[in-house]
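One chain comes next, on its own, written as structure tokens: the form predicted alone.
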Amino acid sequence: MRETVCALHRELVRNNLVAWTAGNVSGRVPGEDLFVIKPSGVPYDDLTPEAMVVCDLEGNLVEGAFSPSSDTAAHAYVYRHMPEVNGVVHTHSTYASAWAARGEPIPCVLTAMADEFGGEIPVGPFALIGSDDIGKGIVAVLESHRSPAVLMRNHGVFTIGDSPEAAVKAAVMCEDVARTVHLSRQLGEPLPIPQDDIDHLYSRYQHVYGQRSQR
């Protein structure tokens, strides 16, 4: 898991989702009440599997030479309260964070949004870093929403997935649609997709799209 989480941090950089040392990826350790997360304030170029830190589900450091990310409490809260989640990502990606600064959900006006998010990308409450408050906001919103992404107001993006890779994919897609919908609004009001069509697109993408094992 250390190797996986380290490699996925390079995807944040490659997809222009982070600046300087901001942002983080974490992954639940299979079969353990533990997760691996990026150390706080360490430059991306200096990240190695050995630099990743291991925490328990209360956010306490279990193993590692560095202090864990300042967002560790939020990740830990998600893992405690959403056992189906095995990966969490946080970014301040430009366009998605601009929507978060406005406290405005990204409306579902693209088929790619219907596919990946199953509707709009919702907004979570404002919360200060360092306690369970961000995690509480993430869980409260995403427990009742198909979206794997939430825009935490005045902060940035948090995404979840059944793997760390899925959470990173959601973060990449969130920024992509945030940019496209923003550009669309410069031309006029984007056209909404009817809910029945959103449901159809979401179901197809989740159950038909891509390569499926042959039985």
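For every residue, the number given is its place in the sequence shown, counted from 1. These figures come from a predicted structure and were not determined experimentally.
This next part talks about the form predicted together with another copy of the chain, which is not shown.
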Practice task
Could you work out which of 81, 145, 136, 92 is the residue within 4.5 angstroms of another copy of the chain in the predicted bound form, going by heavy atoms?
Solution key: 92
Exercise for the section: Spell out, yes or no, whether the shortest heavy atom distance between residue 14 and another copy of the chain in the predicted bound form is within 4.5 Å. Expected result: yes
Problem - Non-hydrogen atom contact residue 42 with another copy of the chain in the predicted bound form at 4.5 angstroms - result: yes
Practice task
Decide whether residue 98 counts as a contact residue for another copy of the chain in the predicted bound form under a heavy atom distance cut-off of 4.5 Å.
Solution key: yes
Exercise for the section: Answer for residue 60 alone: is it within 4.5 Å of another copy of the chain in the predicted bound form, judged on heavy atom distances? Expected result: no
Handout entry: in the predicted bound form, residues of 120-159 near another copy of the chain [heavy atom within 4.5 Å]
Key = 126, 128, 129, 153, 154, 155
